[in-house]
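Encoded as structure tokens, the following chain is the form predicted alone, with no partner shown.
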Amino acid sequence: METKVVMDTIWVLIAAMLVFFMNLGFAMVESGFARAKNAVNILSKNFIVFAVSSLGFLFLGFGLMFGDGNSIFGTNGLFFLGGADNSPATGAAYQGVYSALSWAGVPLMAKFFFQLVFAGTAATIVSGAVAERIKYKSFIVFSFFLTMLIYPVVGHWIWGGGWLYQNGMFDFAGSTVVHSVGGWAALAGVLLLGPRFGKYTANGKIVPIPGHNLSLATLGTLVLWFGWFGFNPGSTMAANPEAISHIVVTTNTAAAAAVLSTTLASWLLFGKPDLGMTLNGGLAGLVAITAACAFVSVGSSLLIGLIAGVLVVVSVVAFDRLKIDDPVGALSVHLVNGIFGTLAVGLFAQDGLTGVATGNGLLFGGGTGLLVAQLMGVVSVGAFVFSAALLVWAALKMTMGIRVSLREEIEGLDRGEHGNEAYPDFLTRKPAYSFNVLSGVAVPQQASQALNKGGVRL
């Protein structure tokens, strides 16, 4: 038993470190998809968000999520992991402060760190969707509330033995708990912020705003793909060879299938294979398989990935037509495919595939019971997270404000929010808009020159 505890602990910590490494991937993806003038801001947000998440989750979040209490939230073990260490588990499951995690026989601190990196991921998802116009301090405060209160409550419902778990919902590694939570929180912020200046014309035309560095975005996507091999199989929280091996293969298969279906779909729709779409397609496949990776066959994971790849293309186009401005496609990747991945459990699950009694999904003769439980989870989590996040965003908007000034947005958040630039020695393109010192509004370059009549032009 002692050897098993050691091996399980090593595996859980290595997997957690891989998930932590995904912070680099998110930073590269988001900065690559943004403009050069906002690179420092996005890198800084992605760096500080894990520090904020660490303290919020340590202070209160972990206890709310996994502490014993009621079916809505934990009431024991709050505030800096209070309560006795119930690990390593030996023999019968320990019914103590954190009995929701008693099935994992690793030390409490290993459990905490593994769950912490997932909380940080949920907060990071928000960063990309609200990029290029969010106030730095408002994002920090929102991230603190998200990881300390909103994320843990949903986590308790599903992973902490709460009411959705009791009603038969399954989410193995977080299509809903992590990705949809981040997506719903991001959507609330995007709707209150509004689109970036110049994204949509007065007559409704969509103006593409390309990212400044697809090399960084590609690097980041590969880092995320790599990190997902800790994210999904690490959720076994035990060095179970058969389960880990199965999950690695279903995870990779879904990602690969999504890359190909996204590339083909964007090629057919736009006439060219769009690299940005391809990158987001791989991430969409990874998000979609996250809930089901331990419950479906390799063949089913292939189908899930193919569907996710097409879904992300359709979703990106749909959000743009609705004038919901998401610079990096986070809503399409994490929210839309988080929902799809959760429902995929109800469609493709095969009972006991890796030793978990899920029951069979609809397509394997199990009827609609599992699918209904999954749908209940999607709807309830969406309603709660969107409402709670909207409330926090609205409170921030009324107090400290959530959007930078128009002048700062046009100049770039790097100068306005941080006082420096990512590429200070590079000659950047002249902006399409200038800030007129007489009228105080942004106007096209030519008009600004006429209005300024030799005055200062930014």
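Quick caveat: nothing in here was measured; it's all calculated off a predicted structure. Numbers for residues come from their place in the sequence shown, where the first is 1.
What comes next is about the form predicted together with a further copy of the same chain, which is not displayed.
Residues with any non-hydrogen atom within 4.5 angstroms of a further copy of the same chain in the model of the complex fall in just one of 383-391, 137-145, 68-76, 367-375: 137-145. This chain is displayed alone, yet in the model of the complex one of 273, 198, 168, 194 has a heavy atom within 4.5 Å of a further copy of the same chain; that residue is 273. Residue-level contacts in the model of the complex: of 339, 177, 279, 123, one residue has a heavy atom within 4.5 Å of a further copy of the same chain, and it is 279.
For a residue to qualify, one of its non-hydrogen atoms must sit within 4.5 Å of a further copy of the same chain in the model of the complex; all three of 17, 43 and 225 qualify.
Contact check for residue 420: a heavy atom falls within 4.5 Å of a further copy of the same chain in the model of the complex. Contact check for residue 55: a non-hydrogen atom falls within 4.5 Å of a further copy of the same chain in the model of the complex. In the model of the complex, a further copy of the same chain stays beyond 4.5 Å of every heavy atom belonging to residue 163. In the model of the complex, at least one heavy atom of residue 415 sits within 4.5 Å of a heavy atom of a further copy of the same chain. For the partner-free chain shown, 210, 211, 212 of 185-212 come within 4.5 angstroms of a further copy of the same chain in the model of the complex, judged by any non-hydrogen atom.
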